[in-house]
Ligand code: NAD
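One chain is shown next in structure tokens, namely the form predicted alone.
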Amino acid sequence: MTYPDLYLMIDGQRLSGGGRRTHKVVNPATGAVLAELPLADAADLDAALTAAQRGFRRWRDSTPQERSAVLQGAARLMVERQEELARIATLEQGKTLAEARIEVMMNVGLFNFYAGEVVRLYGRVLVRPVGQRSTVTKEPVGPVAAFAPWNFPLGNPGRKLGAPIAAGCSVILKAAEETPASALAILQCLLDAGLPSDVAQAVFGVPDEVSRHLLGSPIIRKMSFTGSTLVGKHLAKLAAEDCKRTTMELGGHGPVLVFADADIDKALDTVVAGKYRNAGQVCVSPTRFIVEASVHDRFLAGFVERAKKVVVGDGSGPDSIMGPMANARRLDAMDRLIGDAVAKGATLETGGARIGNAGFFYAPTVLSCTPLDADIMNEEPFGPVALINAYPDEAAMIAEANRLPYGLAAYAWTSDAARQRRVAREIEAGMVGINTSMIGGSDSPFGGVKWSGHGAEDGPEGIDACLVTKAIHEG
């Protein structure tokens, strides 16, 4: 397919050229340049802020029915444009078309859910003596600055746009420069569905310049960020200067506890597919496999066998199960982390190498007996590598799962109902999957604890994060 034109979207205007700096957008399957993306300068960001301020004054007074109609309309357009959207995402991010199509439908489900929720943003009336009336209401927080990463080029912008729009806020979206066309296509669905042009803007630029400029403005009243813990901490400090509300979905290092009483084959069929989804570039990717010693060898052998069958290729290819990594930086990270682990005593069971001379392909990798002082046991690898170690009992397994400061997603496989409840209670994570890898849904909060962030997206909690609570007392 032909790659679409790139631009900034400010107050309904597509802006490009004009002497702006540019960023090369690359096809990760080939390494070829797809297009030059214009980057915002200070004047562009000021224009976006002015539009967002005006758009908020308009959209906060919209009716729930108006907001619902826009969200439902955008969802219908995404269904109609599913194949186009999926091919754009695959072209600029690398994931398989099958995964990109699912990502489109995730957005459709979320927008339709929010379309229903907007009519249920209730307050309450408090019990007071005769003659006094006290009410609690919820109001949109204000213009939102939203920062989305490249790993889910359709889904992340959908999350960042859907919740503020549902709540009655305006939003300035700064999506990843690696995957701009996907974000612009999602925004266009909303505009084509009737969203006023000043309610949502899309800008791209040098990340630190954009974040400092937007978060330094008193117009912005909330920040939503998905990305690394390191960058998240930096942005949280900037937001704190003006006491802006924040929702932070940061890094993870997903532990997977596999007990001896689990259905091992079912677990393997599920977690191997989950591990190599999107080449492991998933914040909730299962990564540290904490296996009870008595079934470790069987689990390891089954995992390696399945990993070797994963077909790696261009995401648009009909046989590809795993596409390339999104950029050359991830290849370098894999080489560094895996090399360090092997040097410190880990056993490389399969993979551990780049594939081919074009694009950013990396072999599905399995490491066993990886020592805890290896960097990869403490740093989120964000790639197609599984770490499989043996542990003696439940207590040791839970201790390892909670050892790191991350707490986004965790998984456990066991047929013992009492243990399922214990593990769910003891694991320090925002989301826990028991005998499943399905931990997300349009009606379910998505977020972490500890260094994995705070607040939640999706579900009623996603809209609530864009609302403020006001108590009104009348004598």
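Being a predicted model, the structure only gives us computed values, none of them experimental. The first residue of the sequence shown is number 1, and the count goes up from there.
Just so you know, the form predicted in complex with the named molecule exists too; it's not on screen, but the next bit is about it.
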Quiz item: According to a 4.5 angstroms non-hydrogen atom cut-off, is residue 174 in contact with the named molecule in the predicted bound form?
Solution: yes
Practice problem: Spell out, yes or no, whether the shortest heavy atom distance between residue 207 and the named molecule in the predicted bound form is within 4.5 Å. | Solution: yes
Quiz item: Though only this chain appears here, would residue 151 touch the named molecule in the predicted bound form if you measure heavy atom gaps against 4.5 Å?
Solution: yes
Self-check item: residue 244 within 4.5 Å of the named molecule in the predicted bound form, heavy atoms
Solution: no
Quiz item: Exactly one of 262, 115, 235, 190 has a non-hydrogen atom within 4.5 Å of the named molecule in the predicted bound form; which residue is it?
Solution: 235
Practice problem: Counting non-hydrogen atoms within 4.5 angstroms of the named molecule in the predicted bound form, say which of 92, 249, 198, 292 makes the cut. | Solution: 249
Practice problem: Mind telling me which stretch in 118-126, 221-229, 363-371, 181-189 gets its heavy atoms within 4.5 Å of the named molecule in the predicted bound form? | Solution: 221-229
Quiz item: Are there residues in 280-304 with a heavy atom within 4.5 Å of the named molecule in the predicted bound form, and which are they, in order?
Solution: 283
